[in-house]
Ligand code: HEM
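Just one chain follows, in the form predicted alone, and it is written as structure tokens.
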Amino acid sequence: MKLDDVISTPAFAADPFPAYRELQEKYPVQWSDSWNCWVVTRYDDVRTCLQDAKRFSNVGRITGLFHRLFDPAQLAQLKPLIDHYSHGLINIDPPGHTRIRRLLHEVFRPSTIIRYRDFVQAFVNEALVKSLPTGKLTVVRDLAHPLPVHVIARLFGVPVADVPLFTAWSAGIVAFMQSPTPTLEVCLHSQQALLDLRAYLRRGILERQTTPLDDVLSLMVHARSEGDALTEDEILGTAVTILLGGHETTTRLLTTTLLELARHPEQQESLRRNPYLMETAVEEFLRFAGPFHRDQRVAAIDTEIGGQHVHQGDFILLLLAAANRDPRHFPDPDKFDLARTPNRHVAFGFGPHICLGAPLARLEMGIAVGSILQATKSFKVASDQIDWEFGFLRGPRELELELRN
């Protein structure tokens, strides 16, 4: 099987898991000409690449795309975008990464995030008050898209009136990530959205240096550890990462989760009757319906993975969603089992770069899904025709649910 023969087909976007399984069994590490990288599918190999920064580096994993596609004159036009993705938390390795992570530890600990529980609950309640009388929920438009961006705006002390700006900037920045070969025009569009967001956040940083507020941006500005502090550029990089990681991924995770619950009415009813299972269920949502299908690394040295020799500088695409369905680690991996335990998925990554916003995603998912279940007797999909979006993230572009209450 050649992955290149199927990756652009609608069938692959609708259900990539049969192809993932065949790769795991026969070609666990395969070269893709379309993506210009090695594609890794088995759980053990994916975890190795995520954990071993000495062999599999984050440095250049995004900027290498630009250098592969564009000539020097075009690269000069993209300098701000390249500079942004050349440093910062998700683009460097230990020990530099360890230093930033240490400074952010207090900022993003669960006890900080839990303070936003009431806001999340109120937002979900308001969405349901509008949807329940109609018997329909337009998931992306009415809940999954606005919820995470409003939460993140709250984290950063952004006025409600400015939320549409954050929504537009988020979509604009990730536009270049939706294709392995984005055009210069698309990259320039992403760059402008990034510059606009950074300018907005920079003003907020300057204000909080003299007048701290009760928000995460203030915590980052004043974070201290062993006499060290975050630079302005590190704060900007982290804030952009949280916006993109906490918005687009949560939108798709919540949408795909509700789709799977609608497709599995017995699991839906079990969780409705046993809400104490929610914590375990959220981990299965992440394993089974996690939207972040692909992560990337660069070979720092000549090495080997899954029996394949990899040259220094080669790009390695880690199929997290395939690893989360690897039968070597998950019994009956294609079963949607909300009581599954243990559940050591890699939906949030693994090792030094494990997702900083994981507590926030878990909080939003538990409240949103739990509230919908408790407000309804059942729900089902209004139409089986799902239009899937599939870049680094996968999820329905929209989902209509029929609610019975």
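Start at 1 with the first residue shown and count on from there. Note that the structure is predicted; figures quoted are calculated from it, not measured.
We do not show the form predicted in complex with the ligand, though everything after this point is about it.
Undergrad: The ligand isn't shown here, but in the predicted complex which of Leu356, Leu65, Ala53, Val59 has a heavy atom within 4.5 Å of it?
TA: That would be Leu356.
Undergrad: Only one of Ala322, Ala281, Ile305, Leu253 gets a heavy atom within 4.5 Å of the ligand in the predicted complex. Which one?
TA: Of Ala322, Ala281, Ile305, Leu253, the residue with a heavy atom within 4.5 Å of the ligand in the predicted complex is Leu253.
Undergrad: Examine Thr241 and determine whether its closest non-hydrogen atom to the ligand in the predicted complex is within 4.5 angstroms.
TA: The answer is yes: Thr241 has a heavy atom within 4.5 Å of the ligand.
Undergrad: Within a 4.5 Å heavy atom cut-off, is Phe292 in contact with the ligand in the predicted complex?
TA: Phe292 belongs to the contact set for the ligand.
Undergrad: Is Gly349 close enough to the ligand in the predicted complex to count, meaning some heavy atom within 4.5 Å?
TA: Contact check for Gly349: yes, within 4.5 Å of the ligand in the predicted complex.
Undergrad: Please tell me whether any heavy atom belonging to Arg272 falls inside 4.5 Å of a heavy atom of the ligand, as the geometry stands in the predicted complex.
TA: Output for Arg272 is no: heavy atoms all beyond 4.5 Å of the ligand.
Undergrad: Going by heavy atoms within 4.5 Å, which of 39 to 47, 375 to 383, 358 to 366, 26 to 34 lines up against the ligand in the predicted complex?
TA: Selected range: 358 to 366.
Undergrad: Tell me whether Arg101, Gly246 and Arg297, taken together, all sit within 4.5 Å of the ligand in the predicted complex, counting heavy atoms only.
TA: Yes, the whole candidate spot contacts the ligand.
Undergrad: Within 154 to 193, which residues come within 4.5 Å of the ligand in the predicted complex, counting heavy atoms only?
TA: Residue within 4.5 Å: Leu155 only.
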